[in-house]
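Encoded as structure tokens, the following chain is the form predicted alone, with no partner shown.
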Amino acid sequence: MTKLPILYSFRRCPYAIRARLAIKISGIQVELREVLLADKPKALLDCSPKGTVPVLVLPDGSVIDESRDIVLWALNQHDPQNWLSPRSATQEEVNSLIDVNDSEFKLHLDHYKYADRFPEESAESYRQQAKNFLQLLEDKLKNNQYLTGNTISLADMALLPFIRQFAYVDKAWFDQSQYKNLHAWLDKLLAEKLFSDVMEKYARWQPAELMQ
């Protein structure tokens, strides 16, 4: 029996969702281990001491513990929808969007979502700080179905989990916000079977010795 790669994941983590989307579309089979971030299993910490997800352990024992690297690992093996080769954008443009998402926007998102942990400013103030990035995406969607044109690219799928998380902090506000194109884009991608498949619920993984 061939040993499968092991993916340590947490269902709601946007980085883990990003990795699962790429792995799912690539058709690569993995053993998914759903973990609790508040009670990380020793097996996860042994292979990646920083204790974040996603973490992919390959059959040869090598470890990939950054979501973007896991995405590239999967899509470089099989990229049936050409996420890595968008028709209307360069890879540099795609990478630039993901870079800003993973740095500036993610910081604003965390402050907005967990505003009680950052009492220096209000949730509304933190939300306002994200407006430049949201408007950038809104503008890109004015004349296109997706962020880099009229076909899905890695930019869409890499940003989707983070925009979803931002929208659901205050869904009523987002639904009536000025970001109409972004709202439609989000609804369209969330309705895809691909997304519902990767959001399937799994029982918490536990080592075999703890299940006896």
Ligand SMILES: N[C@@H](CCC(=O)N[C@@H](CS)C(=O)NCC(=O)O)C(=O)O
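When you see a residue number, it is the position in the sequence shown, counting from 1. Computed from a predicted model, the values in this text were never measured in an experiment.
Not pictured, yet referred to below: the form predicted in complex with the ligand.
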- Query: Does the ligand come within 4.5 Å of any heavy atom of Asp65 in the predicted bound form?
  - Reply: yes
- Message: Please tell me whether any heavy atom belonging to Ser48 falls inside 4.5 Å of a heavy atom of the ligand, as the geometry stands in the predicted bound form.
- Response: no
- Message: Test of understanding: in the predicted bound form, would Pro161 fall inside 4.5 Å of the ligand by heavy atoms?
- Response: no
- With heavy atoms only and a cut-off of 4.5 Å, decide whether Ile25 touches the ligand in the predicted bound form. no
- Task: Could you work out which of Thr148, Ser177, Asn181, Thr52 is the residue within 4.5 angstroms of the ligand in the predicted bound form, going by heavy atoms?
- Result: Thr52
- Note on the structure: Here the chain appears without its partner; judged in the predicted bound form, the stretch of 182-190, 151-159, 166-174, 35-43 with heavy atoms within 4.5 Å of the ligand is 35-43
